[in-house]
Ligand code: SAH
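Listed next as structure tokens is one chain, alone, in the form predicted on its own.
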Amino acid sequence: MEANDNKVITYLDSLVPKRNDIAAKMEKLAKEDNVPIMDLVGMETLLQLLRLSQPKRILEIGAAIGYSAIRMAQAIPDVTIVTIERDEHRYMQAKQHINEAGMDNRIDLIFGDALEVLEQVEQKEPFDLIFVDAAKGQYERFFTMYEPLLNDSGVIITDNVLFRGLVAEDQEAIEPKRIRNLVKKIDRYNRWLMEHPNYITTILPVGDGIAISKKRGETS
């Protein structure tokens, strides 16, 4: 079954439209330097969700080299994006790529730990959508900290919630212990999301797993 899954992924990858030069450059860099960016099918799924919802303002937690922010800005011509990156080297790479893509007027790149820059981000609220793609062990803290910045019909999308399928394995058998503990945190986050009283969540087995959490809004 796993071999068939890999064939399906390869097939879907082959159908993804060719990216422009800056996106292709970042994909090559990510592969060479082992930078964790979204895979092709996951990225295309995210972009299609954005095309359907047409957000005007997006907050991204975890810019890395700027790949997702640039792809989102290219897909939605009138969107503005605030994105946070704590690694200085990747921050500088993201800054270069954003400038190279001519997106510096639409992508606001913040240097710092997302757990420490809330006050800076609060000045830029509200957001229509929050995209969480940073430290997996901090997902619940990110969600709780930033979800108040969403508008009443906002959406939070979290990447990597299936973590290479390990959340579905016998977690006690996973080695090393560091990975086992991380898998447990992601699993707890997923279950917490599904039971959240203020959000309706669906998890898609696309890429490394995407959780889509829609604000329930006011109820009568």
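None of the values given here were measured: they were computed from a predicted structure. Residue indices: 1-based, along the sequence shown.
Separately, the form predicted in complex with the ligand exists; it is not shown, and the next lines address it.
Task: Proximity of T158 to the ligand in the predicted complex, heavy atoms at 4.5 Å - done: Because no heavy atom of T158 falls inside 4.5 Å of the ligand in the predicted complex, the answer is no.
- [ ] Using a 4.5 Å heavy atom cut-off, state whether V79 contacts the ligand in the predicted complex.
- [x] No, no contact at 4.5 Å.
TODO: Although the ligand is absent from this view, report whether Y67 comes within 4.5 Å of it in the predicted complex, heavy atoms only.
DONE: Contact with the ligand, yes.
TODO: Flag L150 as yes or no: does it have a non-hydrogen atom within 4.5 angstroms of any non-hydrogen atom of the ligand in the predicted complex?
DONE: L150: no, not in contact with the ligand in the predicted complex.
Task: Three-residue site V8, L40 and G207 fully in contact with the ligand in the predicted complex at 4.5 Å by heavy atom - done: No, because V8, L40 and G207 lack any heavy atom that approaches the ligand to within 4.5 Å in the predicted complex.
Open item on the list: Give me the residue from A94, I107, I130, A134 that has a heavy atom within 4.5 Å of the ligand in the predicted complex.
Closed with: Of the candidates A94, I107, I130, A134, A134 is the one lying within 4.5 Å of the ligand in the predicted complex.
Task: Candidate stretches 150-158, 168-176, 186-194, 57-65 - the one whose heavy atoms come within 4.5 Å of the ligand in the predicted complex - done: So the stretch in question is 57-65.
Open item on the list: Within 4.5 Å of the ligand in the predicted complex, counting any non-hydrogen atom, which residues from 69-96 show up?
Closed with: Counting only heavy atoms within 4.5 Å of the ligand in the predicted complex, the contacting residues of 69-96 are I84, E85, R86, D87, R90.
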